[in-house]
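Only one chain is included here, represented as structure tokens and corresponding to the form predicted on its own.
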Amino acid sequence: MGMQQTPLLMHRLLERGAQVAPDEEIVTATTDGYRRQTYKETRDRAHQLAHALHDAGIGIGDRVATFMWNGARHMEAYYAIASMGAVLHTLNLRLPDTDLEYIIEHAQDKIIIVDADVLPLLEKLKGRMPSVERIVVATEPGCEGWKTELPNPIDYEAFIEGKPTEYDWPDIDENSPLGLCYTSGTTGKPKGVEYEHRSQYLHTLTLGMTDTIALSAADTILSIVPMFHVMSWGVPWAATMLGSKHVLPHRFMDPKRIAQMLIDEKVTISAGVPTIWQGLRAVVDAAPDQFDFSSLQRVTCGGAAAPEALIRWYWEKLGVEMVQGWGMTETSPLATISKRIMKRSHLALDDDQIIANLAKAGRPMPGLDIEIFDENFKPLPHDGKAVGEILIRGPWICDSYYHTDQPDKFHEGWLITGDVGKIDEEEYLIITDRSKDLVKSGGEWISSVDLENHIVGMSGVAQACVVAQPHPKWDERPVAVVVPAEGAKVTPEQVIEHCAKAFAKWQLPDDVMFVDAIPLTSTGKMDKKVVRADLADKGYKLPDLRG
């Protein structure tokens, strides 16, 4: 006697939401309000979309791209493309057209589903997408009347109109591809990471665990992290599996509108990068009596480390738990999680100890192995002191890039993450830096992340970015680029003095400069390579402090 050998295919999870919560809502923000549809309607429309794609020549394994904001039609595309055995390729709206051209050609996308308001971005690639046979244009209120010279355009609603609401999802191998995401190309060309049904199925189940983000059918989730970025951290799959009320901001990502969505829809949990939560904090600080976030219980934060000061503010001002996560495109993405209480003994911790734990990258997701190694791939002790290269393996961790050979990113079944850090006695991962963002000064490493998080803890500072600058004697020295809070007056001397409370003299920035804004990458992280390039373009030279 044994168990049924049922393949782990995403359609088995995606059909569940409409079965158990057919009347629950998926809500899309529009120019002047919201557009609402039920899970049952979403399910039926996803089946219609699958028929339309099939009739347009899409078969198992064919790549269908989306070039869309977070919205209900994007959810339908997720649902239909994955379930029919095709491959969902989410194109990042913020990439330059040269990268988009390369990615579309590399993936050999056959159809692109595009939101009408971002058509002009895709139009730049006219005549440069030979694999693309058809463009399907999704139109939200306020974006009607589109025109395009891209190949074979059709309105999304006309594309699915009249199609049957039952598609017979194929039973394919659970290791078949379901999705394709590309890294943001910070070094060289963007690299494709293929997600299989089995890996995403297992990843999706973990998102509902109490000890991860604890997403539940009783939640209302606002997905701010883009659906074009690492599958929105897996939230669309998990919300659809559970039948959670799902709020999608479309292009309306400014902090005031986000605040309004949280209130209007009584959101209980949300997901976004630190810049989103810093922006929301600024809005609340400017008018503290204007907002009622009494429904909001927790926000998940990833993409970059959330500073302790931000974590503390959300808890003390709003009573909202900030759940920290770490991962990357190659890890599907959730690899570690840090919550207020991660085990029973933590119930005895005081608030300062809890917040110190929350500021760590977190403990490994069940099923994953995380290790730190020295330069000879020798494992290092988990003592919270030894710093090494972070490697990871497990059922939703990439083992090679899509149609690209890059053996230096993999070692004997481990993914070499490019992050540097330590693991403490409680198995918390603490990210020290990206290996390329560490500052190497006189043979010693200085963590730019630690300096940034400390500087952001100052009153009067909104954002801080620390980068290495060349030095004739010390190889490199840190420079802090700081965005002051609105109306605040902060001096370079005050920033250095603040850093001196927590860092040795040789670790302090050699210079502090103030700017209006720090450039962001296509995924909302601080773009340090642009900061470094800007300094070089301006002929920046370090002040001669150390001879």
Ligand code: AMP
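For clarity, every value in this text was computed on a predicted model and none was experimentally measured. Sequential numbering from 1, following the sequence displayed.
Below, we turn to the form predicted in complex with the named molecule, even though it does not appear here.
The partner is not drawn, yet in the model of the complex one stretch among 297-305, 74-82, 280-288, 121-129 has residues with heavy atoms inside 4.5 Å of the named molecule: 297-305. Although the partner is absent here, Asp437 lies well away from the named molecule in the model of the complex, with no heavy atom inside 4.5 Å. None of the heavy atoms of Arg251 is located within 4.5 Å of the named molecule in the model of the complex. Although the partner is absent from this view, Met458 stays clear of the named molecule in the model of the complex, with no non-hydrogen atom inside 4.5 angstroms. With a 4.5 Å cutoff on heavy atoms, Gly327 counts as touching the named molecule in the model of the complex.
The contact residue chosen from His229, Arg393, His106, Arg134 relative to the named molecule in the model of the complex is His229, the criterion being a non-hydrogen atom within 4.5 angstroms. A heavy atom within 4.5 Å of the named molecule in the model of the complex is found for one listed residue only; from Thr183, Gln463, Ser223, Thr139, this is Thr183. Here the marked residues Trp315, Glu321 and Ala356 all miss the named molecule in the model of the complex; none has a heavy atom within 4.5 angstroms. In summary, the C-alpha positions of Lys436 and Asp399 converge in the model of the complex, ending up at least 3 angstroms nearer each other than in this conformation. Relative to the displayed conformation, the Cα-Cα distance from Asp437 to Gln353 grows by 3 Å or more in the model of the complex.
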